[in-house]
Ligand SMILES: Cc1cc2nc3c(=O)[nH]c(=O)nc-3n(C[C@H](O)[C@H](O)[C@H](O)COP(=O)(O)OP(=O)(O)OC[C@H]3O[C@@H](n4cnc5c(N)ncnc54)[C@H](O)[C@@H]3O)c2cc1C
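To begin, one chain is listed below as structure tokens, in the form predicted alone.
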């Protein structure tokens, strides 16, 4: 027998977008419940770089000073390394004087900080170990969620259900949302290695005529490495065996060599399909998608978390007004996409152009583009492009009362 529960807004997914939205709604007096299928936040994440626009947004809504107290690394430069020796350094102070640094904060730490802040508001609840499996509908309106909480059935009645449950969103699938466009041209093979002593924490992109890869700091004493692999090539790697990949890593930067020598199989790698996608319409009656459920970004620029959180902040204002006015129609909730959709598409276009050129290895781009990109990095043009990706030119379109 299932039990029932009633709230104003039920958010499925306790990632950065879901937690930010939940806390902001509770702060405005909205009864808010966030569902998270895992037992806690203690698991491996890949999107842990928070670029300057994240800092800008958090300052706007009054939570940055609170988050900054939690464990993190700050870095102020980006580097592009060509053929292991030629280095171009890009200063975030020049690109983003408004917020002249990026944060590396483990996502469990970020989510824990957002939870600590949200607990200050009596209208907020988070249920761990709770997986939504079905939407409840009545008269063409989503009116709630059926879920399993600690293995027991529960029905949550809600005026609005929000899908913040990521790239494989249950809410998106259950409510029949249509994907407008999707781009998938490469995978990223992620792994972590110890950070050498005196290794400056910064994001480095390594370019060559062969493999391109990223090295990023990972709090507290690790580096996170991502090998960029054209779609389908991972299968070829596995067919060749680990020896082929080991030899490739040993031919690359020395920081990878100890890891390569200890490789025995592919279990050390987490593979992320670098898909960008955009849902045609983010809202239905009584239901809204935010973050990766509505739009996904590629790893280019390391801005996926920032883009997802930006949409959640804008949604907090729209949902607050929807509840207060008693209007949870698709047309009212469409305001979130009207305010964010064009910006998200712009970012995705920039990312897809960069990624497509880097990974077109069978054409001239794959060989020549890394050279051109490295040369471009020494001009103001790349700084302008970087600013387009990582900096907000103006505050988010929310009123002053949408803040912590």
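Everything quoted here is computed from the prediction, not taken from an experiment. Positions refer to the first chain, counted from 1.
Only in words, not in the display: the form predicted in complex with the ligand, which the text now covers.
- By the 4.5 Å heavy atom rule, the three marked residues 8, 144 and 286 all fail to count as contacting the ligand in the model of the complex.
- From the list 288 to 296, 176 to 184, 234 to 242, 321 to 329, the contact stretch for the ligand in the model of the complex under a 4.5 Å heavy atom rule is 288 to 296.
- The partner is absent here, but in the model of the complex a heavy atom of 190, alone among 124, 278, 190, 213, sits within 4.5 Å of the ligand.
- Though the ligand is absent from this view, in the model of the complex it lies within 4.5 Å of a heavy atom of just one residue from 314, 333, 132, 227, which is 132.
- For the chain shown alone, residue 35 is a contact residue for the ligand in the model of the complex, at least one non-hydrogen atom being within 4.5 angstroms.
- In the model of the complex, the ligand lies within 4.5 Å of some heavy atom of residue 170.
- Taking the partner from elsewhere, residue 23 is found to have every heavy atom lying beyond 4.5 Å of the ligand in the model of the complex.
- Although the partner is absent here, residue 272 sits close enough that one of its heavy atoms falls within 4.5 Å of the ligand in the model of the complex.
- Heavy atoms closer than or equal to 4.5 Å to the ligand in the model of the complex belong, across 145 to 167, to the residues 164, 165, 166, 167, ordered by sequence position.
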